[in-house]
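Consider the single chain below, provided in structure tokens and representing the form predicted on its own.
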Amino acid sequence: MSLSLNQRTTKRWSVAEAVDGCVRHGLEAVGLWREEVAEQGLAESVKLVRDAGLRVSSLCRGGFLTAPGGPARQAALDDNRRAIDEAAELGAACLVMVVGGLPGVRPGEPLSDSGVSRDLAGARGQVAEALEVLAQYAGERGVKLALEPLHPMYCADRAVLSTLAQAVDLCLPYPEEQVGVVVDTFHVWWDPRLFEEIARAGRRIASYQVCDFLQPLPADVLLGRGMMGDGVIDFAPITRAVTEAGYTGDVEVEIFNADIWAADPDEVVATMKRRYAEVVTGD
């Protein structure tokens, strides 16, 4: 496995700046975000990555498949088809899928007086139904969908998949080259069945993302990710389990943290490399 910079860790960097930063720091891969790719331009982003000789370890993100109502659901499927096409153009190892929360619940916004569904089982059913459509589309374009279970505190607004077991179960009807899972330490470190499920996922692990779980969490829990070694996660056994399961892809560092975003991105990447060797792999 080798280290990859997820673009969100250095949020201030454009695609061009992130690509240049990876080259300067000797990284071989970068994880890109659709918003920044659109701002740079898809064709230009493809050229930048290829000219630099980098791999695209992932494209973030597809998903949000639980939109209420027929037109909204169709719009979500259409957007995910576009995301799959973008991932194919970039040659991304996978398209990360954050599947969406309860229908009508918007991340970071108060609940509305109407239009919010509390049917959790139904929302998970919507995700399964959407996969029936998108998996074939992705497979025809050589793109692997990577279902990302998120920590249960995000269940209502971002992802009704909260455990790796749920994500693996959804994958099983499809070929492993079409649908896999993301193992993100921030989201799964707490799971008492984590190591069993990593082994069960096996070659369906499409992405391994690392960052730490801070204590205490900030008021905005979305920004509770920390540099490896600054929180409570024991990385070595998770990394060992992912490796033993057969994963040989890139290891992305993906951090949402206001202080890290405000810091010098070059210093962030230098620290990231050092902590990866000291904390994640033990080298």
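When you see a residue number, it is the position in the sequence shown, counting from 1. All of these numbers come straight from a predicted model, not from anything done at the bench.
Below, we refer to the form predicted together with another copy of the chain, which is not included among the displayed structures.
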Quick one: of 105, 123, 131, 83, which gets a non-hydrogen atom within 4.5 angstroms of another copy of the chain in the predicted complex? 105
Name the single residue among 199, 153, 172, 72 that comes within 4.5 Å of another copy of the chain in the predicted complex, judging by heavy atoms. 153
Does residue 52 make contact with another copy of the chain in the predicted complex, using a 4.5 Å heavy atom cut-off? no
Contact of residue 248 with another copy of the chain in the predicted complex (heavy atom, 4.5 Å): no
Is residue 234 near another copy of the chain? Define near as a heavy atom within 4.5 Å, in the predicted complex. yes
Heavy atom of residue 176 within 4.5 Å of another copy of the chain in the predicted complex: no
With another copy of the chain left out here, work out from 218-226, 35-43, 61-69, 253-261 which stretch has heavy atoms within 4.5 Å of it in the predicted complex. 218-226
Are all three of 266, 271 and 282 close to another copy of the chain in the predicted complex, meaning a heavy atom of each within 4.5 Å? no
If you apply a 4.5 angstroms heavy atom cut-off, which residues in 178-214 are near another copy of the chain in the predicted complex? 189, 190, 191, 192, 213
